[in-house]
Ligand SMILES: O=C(CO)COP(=O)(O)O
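Taking the form predicted alone, here's one chain by itself in structure tokens.
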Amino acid sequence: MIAVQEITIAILGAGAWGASLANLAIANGYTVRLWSRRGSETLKAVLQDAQIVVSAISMKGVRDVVSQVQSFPLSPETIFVTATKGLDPQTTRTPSQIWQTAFPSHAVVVLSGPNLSQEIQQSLPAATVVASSIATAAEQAQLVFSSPRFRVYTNPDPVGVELGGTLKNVIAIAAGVCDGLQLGTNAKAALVTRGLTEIIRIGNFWGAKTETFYGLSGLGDLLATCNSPLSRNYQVGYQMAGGKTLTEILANLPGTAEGVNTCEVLVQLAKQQNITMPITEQVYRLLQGEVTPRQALDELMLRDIKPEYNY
């Protein structure tokens, strides 16, 4: 491991999440440079001599920023850490797959967990997961962000860790609808549990390990996002249940609700591969204006009866 004082970290994305990660690294004594499209620092200057590059930009900007980063010289030892949750609508790739394709010889680490940035900024206790196929890269990221208030675990399943954080955003929209319609605790518990089943089903298709989804980046993140008004995806569902239009909600939402785009990509993929995803399908129909929140609920409740698991 390189000494802390010798490591420079470039964080791409100066939103709430990027700023939270920057503060964690700074508190541990690392040199941190923060880049945003609206900032005065150029991307070239921020990347210069950086041993670790952290991507905390929204999904829609990932491919563009990756192509820009490719045009600058980087050490072959540079580690990429991606903290974006989403799927690319054109390729259905995850953020880490986009980074790894562009930089095939570099280590790529996924950082994901139940991490509402507002709580982390308030120094409330939290935990997260860093995952990579290269164990030493995950361990380096673990050192950078660990603190007495932020516990960081390593995991060898980057696909599962990344998908857990991405797919739960769709279920969080449904959870917001559930609370917005005041359907009660039983309904919410059933929704979140069956939502986890959907996440595992599509995660397995992508090659993720089932046990990863029972960890912090799967079940942990699902519980946090489905139960917090701080979650933008939850707010989309909650406000739609209250009668607002999607356009109206997104126009007034601080930041990006990644679940809206993710839902569209998932429905396309599920149809292509014949994967059953009833909750995701109803969320998609709701977002498209094809059904009301109440009709979406009725569709789910009136499905054919079946075993809980297909053994």
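The model shown is predicted, which means the values in this text are computed figures rather than measured ones. Start at 1 and count along the sequence shown; that's the residue number.
Quick note: we don't show the form predicted together with this ligand, though the next part is all about it.
Proximity of Arg93 to this ligand in the model of the complex: non-hydrogen atoms within 4.5 Å are absent; the residue sits far from the partner.
Among heavy atoms of Ala190, none comes within 4.5 Å of this ligand in the model of the complex.
A residue is said to contact a partner when one of its heavy atoms sits within 4.5 Å of a partner heavy atom; Glu162 fails this definition for this ligand in the model of the complex, lying far away. Not displayed here, this ligand is approached by Leu116 to within 4.5 Å at the level of heavy atoms in the model of the complex.
Contact annotation: this ligand lies within 4.5 Å of heavy atoms from the stretch 228-236 in the model of the complex, the single such stretch among 197-205, 149-157, 228-236, 178-186. With the partner omitted from this view, the residue of Asn261, Thr256, Asn28, Gln51 that lies near this ligand in the model of the complex is Thr256 [heavy atom within 4.5 Å]. Residues of 167-191 placing a heavy atom within 4.5 Å of this ligand in the model of the complex, in sequence order: Lys168, Asn169.
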